[in-house]
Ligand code: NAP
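In structure tokens, the next block holds one chain alone, the form predicted alone.
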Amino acid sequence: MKTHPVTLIPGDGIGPEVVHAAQRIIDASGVRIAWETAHAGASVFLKGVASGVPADTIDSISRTRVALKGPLETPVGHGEKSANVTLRKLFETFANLRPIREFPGVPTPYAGRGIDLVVVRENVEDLYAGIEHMQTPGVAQCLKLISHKGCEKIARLAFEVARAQGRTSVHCATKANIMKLTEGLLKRTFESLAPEFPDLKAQHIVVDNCAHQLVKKPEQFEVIVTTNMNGDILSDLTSALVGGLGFAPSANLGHEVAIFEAVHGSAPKYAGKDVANPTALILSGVMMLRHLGEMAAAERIENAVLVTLADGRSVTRDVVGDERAAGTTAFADAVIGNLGRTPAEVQARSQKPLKVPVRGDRIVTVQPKTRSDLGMDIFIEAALQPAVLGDLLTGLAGPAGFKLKMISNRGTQVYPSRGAGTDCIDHWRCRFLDLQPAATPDLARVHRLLESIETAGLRWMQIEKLPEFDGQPGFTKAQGED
């Protein structure tokens, strides 16, 4: 038998208890794992490691290429970045897979509906790139970065997930009706790849309608692929349909590294009380075994979990309440005792090995035939009324070879006035069109305009070019802009 090296991260709060339960069950299945214990999260933050991930943990995952991880505590609204996100980004685990299915013996309003789906979430881009700036003392900005390469990888993986699991359809959920360039890029990429998978039904759905439909008729979905924040929200919603986060496993998949973890948090108030439901972490371990090629063992463990839940005599408090509940350890014991048994109601879904998209060597993946810069948006801080600011900037633009086209405030055009009753703040997007557009802007004239703005006592904090690729604008209009 092959021995698989795996990095084991106990995590914070209830993490060590649920991780130990999963570890015991995996060992009892007969699969040979060489566990390397490593640490991340709260205890590491306390030691002064700003990332929450020490070098020896990074070294271990780099060696084993596989990690089973407990939940990590993340500071909320202050402090350092999430250690969870750090791990995902360090190892470019670009895809987050969150399977959701109905469990026997787990009472929910949706019992008997046959819910069985997977949310495939892009895992490193979008707002979770974490690029934020205070543009003024009262205005914060977060950059939503969506790349063609990232969209292609996650969309292709979603189709491959459907094939590996014997499914028939894939939905792509985006907010492309509003964010036509960022969210729209995933929609367009998904639709361009769909013909490569003629055996699968591919369809787009607006993400808010997807959330609505998940509550109304969740059984219609098999695979949902979406952007990072949408996926984070939708996958938590789907877990609530089948019993909560205690039943929500996940896999973070990269080209070389895979990290498996429960979706739920560290729940510190329950730590050390032997009451936490380890099902999500156990099923994350099942996903890990499938990744390692141990298909038979994965199916045996998943079926044992289903038998234990259906039996109902050794389930945790989130299923039956306090009086009849089994503890974390007792639940794991019951699962081990049920290894080899097959549930009568529902069984584990047989799966084929998942084909993960290969890493591309090229840095630039999209090359337009033509490109030019039509001008620029300059973001300005000013405590002026729109008409006053607009007239001032109009006078400054001409001598530098630009024309002020419009000013928007929080996305709505306020100069020239369209009669909107916008409650303005001191953060203005000022759109200047170049009177001599070219493939590259004349930096001397750009500098002249910026110097004029500063001389007028205005503060600029950001410039965005207004590109045109193959005759199509690479920027969006403000609300109300012609």
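Here the structure is a predicted model, which means the values were calculated and not measured. Throughout, we count residues from 1 along the sequence that is shown.
Keep in mind that the form predicted in complex with the ligand is not shown, yet the notes after this line are about it.
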4.5 Å heavy atom contact, residue 294 to the ligand in the predicted bound form
no
Touches the ligand in the predicted bound form: residue 317 (any heavy atom, 4.5 Å)
yes
Partner contact for residue 286 in the predicted bound form: the ligand, 4.5 angstroms, heavy atom
no
is_contact(residue 303, the ligand) in the predicted bound form, heavy atom dist at most 4.5 Å:
no
Contacting member of 202, 127, 251, 245, with respect to the ligand in the predicted bound form [4.5 Å, heavy atom]
245
Going by heavy atom distances of 4.5 angstroms or less, which of 412, 74, 136, 165 would be at the interface with the ligand in the predicted bound form?
74
Testing 256 to 264, 329 to 337, 386 to 394, 182 to 190 against the ligand in the predicted bound form with a 4.5 Å heavy atom criterion leaves exactly one stretch, namely 256 to 264
Of 364 to 391, which residues get within 4.5 Å of the ligand in the predicted bound form if you count heavy atoms?
none
